[in-house]
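Shown here is one chain on its own, the form predicted on its own, set out as structure tokens.
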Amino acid sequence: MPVELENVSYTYASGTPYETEALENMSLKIKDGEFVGVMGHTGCGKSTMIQLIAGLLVPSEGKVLLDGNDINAKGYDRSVLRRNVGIVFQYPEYQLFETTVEKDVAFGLKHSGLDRGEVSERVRWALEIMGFSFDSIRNQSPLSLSGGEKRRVAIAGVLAVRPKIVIFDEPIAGLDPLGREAFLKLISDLNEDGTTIITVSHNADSMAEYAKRIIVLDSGRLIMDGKTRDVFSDVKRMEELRLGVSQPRLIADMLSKRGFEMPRDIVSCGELVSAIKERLIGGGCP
């Protein structure tokens, strides 16, 4: 189920002294099963873009298409959008409100038409995917959980709907290194199972390890779009944008400048280690 923006613009507070153009004439297409990282400074339009894709905002100009259909057209069945596109905001744990974990995770299935057994099965699956024992946690209050547990429960509520596209807005903000790695492994596994992942992040190292495609926004415009290794290979451009690239890319670049030639498409730790081993074993050490 591809999603596409066609010449999309969005203006906040249009017609007022506070009018601000958040996106300007943006066009892009995200295919089924992609893992896309979205980067850019605060205020560049990242959050506006993902809210437009999720149908939470209506573009001032242009169209947002889901599987070829304009999601803002008159007569469009919005339930199709809700079933297929899930969005997880930064600090989703603040969105919990039900009396039990089971009820909170099941909330998005309220009008799904599924019978009680199917709803329970999906809730169990989503909680277990997030590392919980369903029977142990189902009757606990979500507000009594730790911060990390709350976040996982909130994400389970999105996954229970089993959307084909899941959007994350700064999903690893505030997580410790182990929590960050576990979460990124989870969404990588979801992607391998066929779920399209769109994630906004400032963390270049995480994007290098998991995202297959990087989109870079600046002042409401799409300025870079390509394979992760191609975007991060342009170290100078990314530094000019004050975004930077992954640490392995920087290390490889530094080694090359000092005569220890490294491939220009290295972006991850594994690739860097493999390249160094190959150079040393091959007798290429200067």
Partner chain sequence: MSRLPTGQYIYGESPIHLIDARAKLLSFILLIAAVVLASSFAGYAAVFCFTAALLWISRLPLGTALGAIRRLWLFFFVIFLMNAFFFEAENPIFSWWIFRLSYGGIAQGANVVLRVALLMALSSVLTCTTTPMDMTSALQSLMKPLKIIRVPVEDVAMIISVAIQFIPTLLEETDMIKKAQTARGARFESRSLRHKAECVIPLVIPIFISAFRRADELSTAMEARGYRGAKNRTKRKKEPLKARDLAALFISAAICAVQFCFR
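Residue numbers count along the first chain shown, from 1. Since this is a predicted model, take the numbers as computed values, not measurements.
As for the form predicted in complex with its partner chain, it is not shown, yet the points below apply to it.
*Asks:* Is every one of 76, 125 and 131 in contact with its partner chain in the model of the complex, taking contact as a heavy atom within 4.5 Å?
*Replies:* No, none of 76, 125 and 131 comes within 4.5 Å of its partner chain in the model of the complex.
*Asks:* Flag residue 223 as yes or no: does it have a non-hydrogen atom within 4.5 angstroms of any non-hydrogen atom of its partner chain in the model of the complex?
*Replies:* Although its partner chain is absent here, residue 223 would stay clear of it in the model of the complex, with no heavy atoms inside 4.5 Å.
*Asks:* In the model of the complex, does residue 96 have a heavy atom within 4.5 Å of its partner chain?
*Replies:* Yes, residue 96 is a contact residue.
*Asks:* Can you work out whether residue 85 and its partner chain are in contact in the model of the complex, taking contact to mean some heavy atom pair no more than 4.5 Å apart?
*Replies:* Flag for residue 85 set to yes.
*Asks:* Report yes if any heavy atom of residue 89 sits within 4.5 Å of a heavy atom of its partner chain in the model of the complex; otherwise report no.
*Replies:* Yes, residue 89 lies within 4.5 Å of its partner chain in the model of the complex.
*Asks:* Quick check for you: of 131-139, 97-105, 209-217, 113-121, which stretch puts a non-hydrogen atom within 4.5 Å of its partner chain in the model of the complex?
*Replies:* Residues of 97-105 come within 4.5 Å of the partner.
*Asks:* Work out which of 55, 43, 244, 33 lies within 4.5 Å of its partner chain in the model of the complex, going by heavy atoms.
*Replies:* Exactly one listed residue reaches within 4.5 Å, namely 55.
*Asks:* Do any residues of 128-157 have a non-hydrogen atom within 4.5 angstroms of its partner chain in the model of the complex? If so, which ones, in sequence order?
*Replies:* Heavy-atom contacts within 4.5 Å come from 143, 157.
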